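Only one chain is included here, represented as structure tokens and corresponding to the form predicted on its own.
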């Protein structure tokens, strides 16, 4: 067995999990599980939101690998598939080469089609409008603005736009469209409309993972994720606030 390949496979699995929004403890546990399944001992795995380190020994030889991660998405399907694959190694006696090939296939899987993601985003904002006690008119406006916002975010992701400014623009676009809907008398409550659509941008997963990591003792990851969530929230508020400050009096 190629032990260097095992180190690469473990970090590959950890990278897929981390980039798909998995918690730090899950990433470390999966990396350890993979190495131990192929006979490694004295396994140490360390994960932060941007860095993966794996170290293990086989026949008194030490092997390690370091991987830098940058992409951040939410893909629970990939998390589930990597978890299932890592747990099936012992049950199926899967060769390392096959395991790595299957990891590559999971990593290369395309996300849901753009149309489905846009419709799902619009449907979420439609429901949030009722959750915040909006009217049918508010919900219909939220449906349309939610779809437009999702299209903008997808296009910004394509050009690898800076995350902070992406959320700033998201907050600004939402506020501008909500003000226009109010000006044209298409909705009943501008506040409800803005809140309903901005829920698409709220970093719920980052906040949840930050709390989970902090409680479990992963303080570095917990602080990093908390900082990330705060910066996203600041960007959304700043984008919305700038629009109100500069255009609110003119458009309303």
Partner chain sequence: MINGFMAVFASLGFALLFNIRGDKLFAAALIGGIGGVFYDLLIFFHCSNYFSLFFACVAISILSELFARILKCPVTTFLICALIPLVPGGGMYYTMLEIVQNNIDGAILKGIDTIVQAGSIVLGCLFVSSIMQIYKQLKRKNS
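Quantities reported herein were computed from a predicted structural model and do not represent experimental measurements. Numbering follows the first chain given and starts at 1.
What comes next is about the form predicted in complex with its partner chain, which is not displayed.
Of the candidates 220, 211, 58, 53, 211 is the one whose heavy atoms come within 4.5 Å of its partner chain in the model of the complex; the others do not. This chain is drawn without its partner chain; in the model of the complex, the residue among 199, 224, 45, 40 with a heavy atom within 4.5 Å of it is 199. At least one heavy atom of residue 207 is located within 4.5 Å of its partner chain in the model of the complex. By the criterion of a heavy atom within 4.5 Å, residue 84 is counted among the residues contacting its partner chain in the model of the complex. Its partner chain in the model of the complex is approached by residue 116, whose closest heavy atom lies within 4.5 angstroms of it.
Within this chain, residue 231 is remote from the site of its partner chain in the model of the complex, having no heavy atom within 4.5 Å.
The putative spot formed by 77, 133 and 195 is fully lined by its partner chain in the model of the complex; each residue has a non-hydrogen atom within 4.5 angstroms of it. Partner contact region in the model of the complex: 212-220, out of 45-53, 59-67, 212-220, 31-39, criterion any non-hydrogen atom within 4.5 Å of its partner chain.
Shown here without its partner chain, the chain has 116, 117, 120, 121, 123, 124, 127, 128 in 114-128 lying with a heavy atom within 4.5 Å of that partner in the model of the complex.
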